[in-house]
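Same chain, two versions here, written out as structure tokens and called structure 1 and structure 2.
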Structure 1
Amino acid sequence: MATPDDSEVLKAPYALQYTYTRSTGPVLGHFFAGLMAGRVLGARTATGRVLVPPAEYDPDTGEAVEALIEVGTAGTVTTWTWVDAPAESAPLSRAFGWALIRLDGADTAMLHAVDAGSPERMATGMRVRARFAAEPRGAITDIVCFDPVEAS
């Protein structure tokens, strides 16, 4: 078969987009409602672990979680990295840290941004506290970021 050269091969953009909805269900629904009220809810499993953010089912056993309980809005950084030049989609417009943060009363850590100003202020084991949005929408971004809590 004769093959056209590359300049003869047509191509066109193909944007595939639809509008979807999501039903959050009873567990994540309460978690997001809690964020709107400035509270963080975790899921307590049958084995007594507290998952934050909550899951509907214990990832270890597959059992339904037993209860939603309130955990602290402050916590401890378990590991972190630094972003010198934030992309447009980043949660903060100035340099910040991404950290895994275990909130007080939780057994798991969640990923969020820490507005520490400089990497010198970041450390594993540091204490941070959630900064809530002035106009919450019922999303994880209702926590704008975490602020370092200086040891007193």
Structure 2
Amino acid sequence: MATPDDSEVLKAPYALQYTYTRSTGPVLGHFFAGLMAGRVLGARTATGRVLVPPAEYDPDTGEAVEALIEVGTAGTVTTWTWVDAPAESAPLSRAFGWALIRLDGADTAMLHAVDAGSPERMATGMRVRARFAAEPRGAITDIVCFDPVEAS
């Protein structure tokens, strides 16, 4: 079968665009407003579990969450990995750890960056504290990263 030459092929420019803005809704809207104020909010489910980041519905039952409550800005690393060469889009421009962090008062862990300096300073079970942005914008990036808390 013969293939068409360029003069026979129809062409049209195409730009992939998302021309809408997603609203955060009532739960994430309050979560982001809390981050702007240097606070972290979690969602309490009917069974008493606290989800951070909050969800509108309990992932176990599908029921709406009961309330938003403040949790701590410090927590415990539950698992982690080290990034030697961060991508341009990474939260930090130097080597850092990605970690699941269970904040004090939460029953679930959230993923965020830990500025530990080296993989030798990272450990499961280590304590970390949120470092908030100097100029918050109402986004998860209002937590710049987490810093290790030195044992006293």
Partner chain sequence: MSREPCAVIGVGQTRHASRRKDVSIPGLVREAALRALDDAGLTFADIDAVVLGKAPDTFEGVVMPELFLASALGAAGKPMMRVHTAGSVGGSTAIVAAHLIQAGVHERVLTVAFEKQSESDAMWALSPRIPFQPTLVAGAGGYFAPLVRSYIQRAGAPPHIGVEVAVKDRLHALRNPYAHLHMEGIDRAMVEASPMLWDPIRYLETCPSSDGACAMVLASERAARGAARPAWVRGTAMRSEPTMFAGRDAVNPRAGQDCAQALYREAGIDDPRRQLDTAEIYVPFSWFEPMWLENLGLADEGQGWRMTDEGATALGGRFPVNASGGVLSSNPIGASGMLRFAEAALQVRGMAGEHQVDGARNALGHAYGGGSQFFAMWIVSEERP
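Each residue is numbered by where it sits in the sequence of structure 1, with counting from 1. Everything numeric here is computed off the predicted structure, so don't read it as measured data. If you superpose the two forms and keep the largest set of C-alpha atoms that fall within 1.5 Å, you have the rigid core.
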inquiry  = I need to confirm something. Of structure 1 and structure 2, which is the form predicted alone?
reply    = 2
query = When the two forms are laid on each other by their rigid core, does A134 show a Cα shift of 2 Å or more between the two structures?
reply = no
key: Rigid core fit between the two structures: Cα deviation of Y14 in angstrom   = 3.8
